[in-house]
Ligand SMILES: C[S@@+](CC[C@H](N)C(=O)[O-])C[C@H]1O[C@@H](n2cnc3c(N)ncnc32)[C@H](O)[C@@H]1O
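This document opens with one chain alone, in structure tokens, the form predicted alone.
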């Protein structure tokens, strides 16, 4: 072999090796999850395809589904959704399953941390306070808020696999004494009345068929005078139900994110008052001067095909379970709908409401 050819061959092999160990095998603490460790939560490998088909069938027409008196089935399918997507989210996104406004000169990781620490500041969190994370996922926000504020945080998620992932991350971060995670439905929480000083939810209550059920439970477990902040997924006043492109984008978001129907922006404060909260502040954090939150989703075709090829190869080698490719494709398509929602302004994932339980509220 000619020296030049050998040099190019060695360089290509070296690049491939570096790519494999840095991007594919990359440390879970940095990337969230390694590609070679992708699972479908607690779903057995031979059941992934069936569960995905059941999920897709249920959420094909989310608003019609909820209206057909099947809202009681939503929690189980949300649990299925997070079994399907949690590892892919961690691999491609990290440990915080939410969006944040872009910040000039700052990385996505830094923007995420700032967005999470804002919650702690709004809640006036500090050492000695006990906070509730409503829909905590694998606990990225929980750890950021606990570290920033010194408060103790209890998270609840409906998915047992996420509970185990969150506990593992808490131990690795040295925050397991400060952060606790329980498995449960946030519409019927296993906590005593008036047991938390503050509460928050970050892009989580959108999974509830009725927002009243979640807000009512948060109201119950908060101490009188306690604050609750939520980042809500909503349609904005720019959304037009008679515009097919608008409808397609919103339904695409609902189908691909296990949502029983997005709420309107003007409904949030109404529901909060209905269950007894005082509305302290309401603001869409996606509006200018905030920079676009959807830029992180605009994955180039090259990046998409790279990730897709990695997943297909791991599936072929039986390292990843069969069905991962279909879930990855669904999430890529959903990212397209989310981007359209952001660019047209008809959707925001960060309508913020700061609520207070009245100090005189009867338990």
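Because the structure is a prediction, the values reported are computed rather than measured. Positions refer to the first chain, counted from 1.
One more form of this protein, predicted in complex with this ligand, exists but is not displayed; see below.
Peer 1: Where this ligand sits in the predicted complex, superposed onto the shown form by the site's C-alphas, are 3 or more of its atoms within 2.4 Å of backbone or C-beta (blocked), or none (open)?
Peer 2: In the predicted complex, this ligand occupies a site that, on this form, remains open once the ligand is superposed onto it.
Peer 1: Which of 185-193, 117-125, 236-244, 217-225 has heavy atoms within 4.5 Å of this ligand in the predicted complex?
Peer 2: Selected stretch: 185-193.
Peer 1: With the partner absent here, would 80, 167 and 181 each sit within 4.5 Å of this ligand in the predicted complex, counting heavy atoms only?
Peer 2: No, because 80, 167 and 181 lack any heavy atom that approaches this ligand to within 4.5 Å in the predicted complex.
Peer 1: Scan 129, 113, 98, 263 and let me know which has any heavy atom within 4.5 Å of this ligand in the predicted complex.
Peer 2: Selected option: 98.
Peer 1: Would you kindly say which of 203, 197, 152, 213 lies with a heavy atom within 4.5 Å of this ligand in the predicted complex?
Peer 2: Result of the distance check: 203.
Peer 1: Should residue 230 be classed as touching this ligand in the predicted complex when contacts are defined as heavy atoms within 4.5 Å?
Peer 2: Contact with this ligand, no.
Peer 1: May I ask you to state whether residue 156 is within 4.5 Å of this ligand in the predicted complex, using heavy atom distances?
Peer 2: Result yes; residue 156 sits at the interface with this ligand in the predicted complex.
Peer 1: Flag residue 145 as yes or no: does it have a non-hydrogen atom within 4.5 angstroms of any non-hydrogen atom of this ligand in the predicted complex?
Peer 2: Answer no; every heavy atom of residue 145 is more than 4.5 Å from this ligand in the predicted complex.
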